[in-house]
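Let's start with one chain on its own, the form predicted alone, as structure tokens.
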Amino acid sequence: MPNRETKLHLLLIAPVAICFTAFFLIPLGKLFLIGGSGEFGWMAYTAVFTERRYVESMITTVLLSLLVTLVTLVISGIAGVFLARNQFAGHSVLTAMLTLPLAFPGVVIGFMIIMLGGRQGLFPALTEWVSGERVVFAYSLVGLFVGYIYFSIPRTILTVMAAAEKLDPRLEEAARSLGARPLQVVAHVVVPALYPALLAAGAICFATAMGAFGTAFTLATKINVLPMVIYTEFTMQANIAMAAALSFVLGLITWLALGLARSLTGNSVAAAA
């Protein structure tokens, strides 16, 4: 018979288990079954990796997400360490501005990229004034990349700042006293200390970029990224089974990325963040 403490633990975990089952396990299982119920049957899951259109969209989405993650980590790493170690006039305002995009949905960010690099945007007007030719990038992979960077930085910079505040400056002083150059100090002291936070934030950044729909919907008129392919299959092609299969595979990839980051960092993520 379970003791009183065990019963209490079961009682406390029951709401979480019910919500997890109702809002995750059951819908995910249903999605998996729908993916195998279409014209191709269970071969729909192999079509994701064999049909040219789906393969190209998968490769584009993964490569774009990886590039966004890498650039975001570099920018957030430099800015996060700087902001964590330096206090100056306007520090809180700058930090607030860097994290402001957290309040914006993807569609709003997409419209901001259009205002920046769309046909009537600021950047095309500037390039026309300089070179006589309007350079429009909002509706290309470049525009999507800029949009993803914009909403990814706030999600990583706070984690980096929190981890950087816990770095022991004596380690860097010791490395300098032993003759290490500034880049060597960064490479061998700062980056390894920030590694758990960077890896965890990078995994979240990658997963977010993989599944971002609002920004892609606003900008990706001619870009074959996976969220837009799923939307097209579901709404325009009425191919619900294929859309479900693509959605399941997309979720699986992001889950694997998060799981890998968790396994590599372990409990040190919490300490770093």
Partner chain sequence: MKRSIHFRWLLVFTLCVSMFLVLPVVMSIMAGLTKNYFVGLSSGLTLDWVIKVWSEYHRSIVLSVGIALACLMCTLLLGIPAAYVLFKRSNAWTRTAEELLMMPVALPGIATALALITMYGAVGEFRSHWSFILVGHVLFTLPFMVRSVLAVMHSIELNILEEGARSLGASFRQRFFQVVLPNCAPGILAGSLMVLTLSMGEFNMTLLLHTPFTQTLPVGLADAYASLRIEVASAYTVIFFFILIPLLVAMQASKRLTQSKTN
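Here the structure is a predicted model, which is why all the values come from computation and not from measurement. Numbering follows the first chain given and starts at 1. We call the rigid core whatever largest set of C-alpha positions still superposes within 1.5 Å between the two forms.
Just so it is clear, the following notes concern the form predicted together with the partner chain, a form of the same protein that is not shown.
Student: For this chain shown on its own, do A47, V136 and H188 all sit within 4.5 Å of the partner chain in the predicted complex, going by heavy atoms?
Tutor: Per the other structure, none of A47, V136 and H188 touch the partner chain.
Student: Can you pick the one in L141, A180, A84, L98 that has a heavy atom within 4.5 Å of the partner chain in the predicted complex?
Tutor: Looking at L141, A180, A84, L98 one by one, just L98 meets the 4.5 Å heavy-atom criterion.
Student: Of these, M58, V68, A243, A220, which has a heavy atom no more than 4.5 Å from the partner chain in the predicted complex?
Tutor: Exactly one residue meets the criterion: A243.
Student: Taking heavy atoms and a 4.5 Å cut-off, does F234 contact the partner chain in the predicted complex?
Tutor: Yes, contact at 4.5 Å.
Student: With a cut-off of 4.5 Å between heavy atoms, is Y195 one of the residues that contacts the partner chain in the predicted complex?
Tutor: Output for Y195 is no: heavy atoms all beyond 4.5 Å of the partner chain.
Student: With heavy atoms only and a cut-off of 4.5 Å, decide whether L264 touches the partner chain in the predicted complex.
Tutor: No.
Student: Give a yes/no on whether Q120 approaches the partner chain to within 4.5 Å in the predicted complex, heavy atoms considered.
Tutor: Close contact exists here: in the predicted complex, Q120 approaches the partner chain to within 4.5 Å, heavy atoms only.
Student: Residue by residue through 17-31, tell me which have a non-hydrogen atom within 4.5 angstroms of the partner chain in the predicted complex.
Tutor: Heavy-atom contacts to the partner chain in the predicted complex: C19, F20, A22, F23, F24, L25, I26, P27, L28, K30, L31.
Student: Please state whether L250 has a C-alpha shift of 2 Å or more between this form and the one not shown, with the rigid core used for the fit.
Tutor: No; L250 is a residue whose C-alpha shifts by less than 2 Å between this form and the one not shown when the cores are overlaid.
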